[in-house]
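In the form predicted alone, a lone chain appears below as structure tokens.
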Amino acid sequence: MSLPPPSAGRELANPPSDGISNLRFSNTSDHLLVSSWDKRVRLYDVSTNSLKGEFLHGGAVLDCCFHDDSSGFSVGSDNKVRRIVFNVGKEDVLGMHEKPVRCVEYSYAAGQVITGSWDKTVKCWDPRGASGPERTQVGTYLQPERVYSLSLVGNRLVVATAGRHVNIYDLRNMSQPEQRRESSLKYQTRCVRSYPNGTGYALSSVEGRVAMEFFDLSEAAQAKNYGTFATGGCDGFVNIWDGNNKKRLYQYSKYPSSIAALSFSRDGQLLAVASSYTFEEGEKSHEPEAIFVRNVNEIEVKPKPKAYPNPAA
């Protein structure tokens, strides 16, 4: 077993025992929610490096997201959409898709859970209703292909599917997409993430490329903070990018395995890294699953000022 590089960050105790599908920091604390193929959803307190609780599901858990600091939502290969409450150990099934559910988001603006499935649908759920699909399901929206990734900012929902389709919705009117797009990347979409300022989204594909897209080009200059983002790949490296200038700012030392997921904390001071083999080379011996949390230094994420040539004398 190879040792992680010294700058990898703190390694969390009690990691998942099978592939990590996603991890997310809370919006209000340093709690970290983690879903994995060992059929479990785990809640960690990063500040104390402790496991706060876990739930066992009927199949691989493919995604998770927070509701509040001690509860969230999870989806997976058993087709179910769950609400999980860690402080009381309670679990409710909001409803089901016809095939595995790949992704889940919670809209604080609409008070709804949004799920995307390989059954080629996006569904919206009201978790405040009683359990049962007939009481919690708000709507079903057909997609051109299997849903691979969702991202939400404000009332704007971005849906990325197989076939390189991208649909953009306004949650206040889901009857049809605001825009239908095609990925500018050549290969299958792996992940989509909206910019925190709501001006656009980053789209990654399986060959390791990332495209920066904007909802309205006139808004591109409104980036908040530094407008930088992180990517992780099967090569075990995490890169920090200046999206506006399309330049790499920083590369962290190599992690023991593939980078399966990344999440910044609410204040951007911490970065959680899931080092977990993603089977890009098929079944083979690999390093065990691990979650590292590293401190983020300003020099790593702050774009460098452009160098302009001196004017001619």
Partner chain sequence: MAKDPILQVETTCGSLLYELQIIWDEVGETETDRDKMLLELERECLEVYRRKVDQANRCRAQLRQAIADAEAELASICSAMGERPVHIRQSDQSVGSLKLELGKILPELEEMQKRKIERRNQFLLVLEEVENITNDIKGQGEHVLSKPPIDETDLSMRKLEELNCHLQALQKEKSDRVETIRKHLCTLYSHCSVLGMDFNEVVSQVNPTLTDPEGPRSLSDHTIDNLDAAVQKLREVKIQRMQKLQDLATTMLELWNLMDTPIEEQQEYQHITCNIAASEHEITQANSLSEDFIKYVEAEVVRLGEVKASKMKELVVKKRSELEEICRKTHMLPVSDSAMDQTIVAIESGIVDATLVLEHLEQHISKVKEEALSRKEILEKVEKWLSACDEESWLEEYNRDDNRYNAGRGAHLTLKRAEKARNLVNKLPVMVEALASKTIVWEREKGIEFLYDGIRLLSMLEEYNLLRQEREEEHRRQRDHKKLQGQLIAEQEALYGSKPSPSKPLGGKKAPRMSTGGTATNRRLSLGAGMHQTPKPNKKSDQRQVQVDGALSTGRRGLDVAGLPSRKQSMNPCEQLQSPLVRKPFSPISTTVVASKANIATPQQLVPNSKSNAVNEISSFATPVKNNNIIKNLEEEKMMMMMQTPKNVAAMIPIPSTPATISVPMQTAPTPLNNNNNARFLPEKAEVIEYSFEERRLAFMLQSESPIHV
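Numbering follows the first chain given and starts at 1. Small disclaimer: the values here were computed from a predicted structure and weren't measured.
There is also a form predicted together with the partner chain; it is not shown, and the following applies to it.
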Checklist line | Partner-facing stretch of 173-181, 86-94, 195-203, 145-153, counted where any non-hydrogen atom is within 4.5 angstroms of the partner chain in the predicted complex | finding: 145-153
Margin query: Residue-level contact is defined here as any heavy atom of the residue lying within 4.5 Å of the partner chain in the predicted complex; does residue 68 satisfy this criterion?
Written below: no
Margin query: Is residue 123 part of the interface with the partner chain in the predicted complex - any heavy atom within 4.5 Å?
Written below: no
Next item on the list: Report whether the minimum heavy atom distance between residue 100 and the partner chain in the predicted complex is within 4.5 Å.
Entry: yes
Margin query: I'd like to know whether residue 278 contacts the partner chain in the predicted complex, with contact meaning heavy atoms within 4.5 angstroms.
Written below: yes
Notebook entry, point to check: Judged by heavy atom distances of 4.5 Å or less, which residues of 168-184 approach the partner chain in the predicted complex?
Noted result: none
